[in-house]
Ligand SMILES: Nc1ncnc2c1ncn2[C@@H]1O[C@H](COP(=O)(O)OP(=O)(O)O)[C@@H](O)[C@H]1O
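Next up: just one chain, as structure tokens, the form predicted on its own.
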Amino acid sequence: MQNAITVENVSYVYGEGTPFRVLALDNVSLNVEMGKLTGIIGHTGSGKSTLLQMLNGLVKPDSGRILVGDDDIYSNKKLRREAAFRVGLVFQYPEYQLFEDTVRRDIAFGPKNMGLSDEEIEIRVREASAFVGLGEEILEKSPFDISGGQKRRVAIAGILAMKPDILVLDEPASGLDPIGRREIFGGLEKYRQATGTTMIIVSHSMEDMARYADDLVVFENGRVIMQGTKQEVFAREDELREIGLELPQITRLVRRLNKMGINISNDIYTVDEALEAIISTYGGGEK
């Protein structure tokens, strides 16, 4: 399958030549396949956010290459500028970047800067709002008069309205309650299914990664230490635990049940999968 993004031997240092020097990325290489949702996991400070900023032209690597499609985006200024539109980046707590007087204008800001017609901008605003679950009545409100969860959806809609080839999100559901998390991820999944957009999501929630990700990349101290399908990564439970990462709770429960003799598949990562396996194994008898 064709790669949407290829990262080749990328390194980056903060504060070079000072006492505060930090090696943020250390010879990182990874591939993101087109149309898939790739999850990036790892502890705070492991290099995840630095990499995300490189993907749309904000931070230039000290060494190595970043390809969007076949283009090395740091090979010239034009490609670096284009990366900002080809790769849509949603920062953690993006609602702090809202500034227009209405939700509609905030969502329209990116498309307007792309030089689109008013008619096309309005179409994109409505489509993006629908994907994230914002009703028409919200669009004329001030972004400062709506709930925290709605602000998060407005910020994400503003990036969706630009229709990037690749959508990159840093902890998109951080700080939200379970209902808010489901709404955010549900909207993103609906958008991906409808458009085929490649997505990269950083999250500390193994449950979210288990439910939505196709592939996983694990960072530790600025290096990629695992990458593969979520099944391949979650199979390395002992290695994950060594760096302080745990499997989803339901996976740990299922594996404990198996050790107790209640035999269902070990390769279960969501509650829905566990329910289906239990019904399939134990729920088929006559009452």
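Residue numbers here begin at 1 and follow the sequence given. These figures come from a predicted structure and were not determined experimentally.
Keep in mind the form predicted in complex with the ligand is missing from the figure; the text below concerns it.
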property: Partner proximity in the predicted complex: Ala24 to the ligand, non-hydrogen atom cutoff 4.5 Å; result: yes
property: The ligand contact in the predicted complex: His43, any heavy atom under 4.5 Å; result: yes
property: Close approach of Ser49 to the ligand in the predicted complex, 4.5 Å, heavy atom; result: yes
property: Option from 66-74, 252-260, 229-237, 49-57 whose residues, in the predicted complex, bring a heavy atom within 4.5 Å of the ligand; result: 49-57
